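In structure tokens, one chain follows: the form predicted alone.
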């Protein structure tokens, strides 16, 4: 008998109206649950606009401890809907110490675990190093009642090492809350290349590790504070890939949407028997991966 997990991906827009944004998040979770989801994944920093477009110390006031008010509200939703919930939050760990943290809630609202984003970008419009300290919890899957989740966050999705270590530790699904989009000066051909690369790299992680990958992205244009003509157009396109990289479902690129996908976790065993990547790994020859660069 196949082991099926139904996943809900909540792709939404965000605004400065915190309550309105949370209401949309809650509606997405409830909709996913009504449609049979066992596991619901929210996008990166879903509680409001992507504030990392600028470096502004005022944004630190939005960070919260874990547990705290935000996790309490999300825990109540997980308990109400009886789903396992993955939510990305701005964590205040201590004075001057902040993380981009994914919190995983069990069906009863308890916290099953957390993952602190390890790879922190610093690019035009993505000034995350100003806000976030790199994670220190390692690449450790979170055990839940539906599956063992390899939760990573956004920029982590470009690193095969992160996905591999999650898989080696027993992750059954790779989960990527995401905030990725285009800036106004990107021409159409560059936009196409970026989105294709984003999809391809995560399909590659699914193939290389022979487990499904779930990517949930923001959608909609978010202006840069003080410069309404500038900003980031988050391109949505949330998707799920199976253990051979097959695209199982894809959301729209221009609207809010709750995507529902059923995953057969027993396929991992079948695929690994036919394509024995793990058997044939040359673990005696990979020492160079621990170097920044090989001169």
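Keep in mind that this is a model prediction, so the values were computed, not measured. Numbering follows the first chain given and starts at 1.
FYI, the form predicted together with another copy of the chain isn't displayed, but the following is about it.
Contact check for residue 164: a non-hydrogen atom falls within 4.5 Å of another copy of the chain in the predicted bound form. With a 4.5 Å cutoff on heavy atoms, residue 246 counts as touching another copy of the chain in the predicted bound form. Using a 4.5 angstroms limit between non-hydrogen atoms, residue 62 is distant from another copy of the chain in the predicted bound form. Looking at residue 132, you'd find every heavy atom of it more than 4.5 angstroms from another copy of the chain in the predicted bound form. Checked against another copy of the chain in the predicted bound form, the candidates 119, 92, 224, 114 yield a single residue with a heavy atom inside 4.5 Å, and that residue is 119. Exactly one of the stretches 104-112, 79-87, 213-221, 186-194 approaches another copy of the chain in the predicted bound form with heavy atoms within 4.5 Å, and it is 186-194. In the predicted bound form, no residue of 71-105 lies within 4.5 Å of another copy of the chain by any heavy atom.
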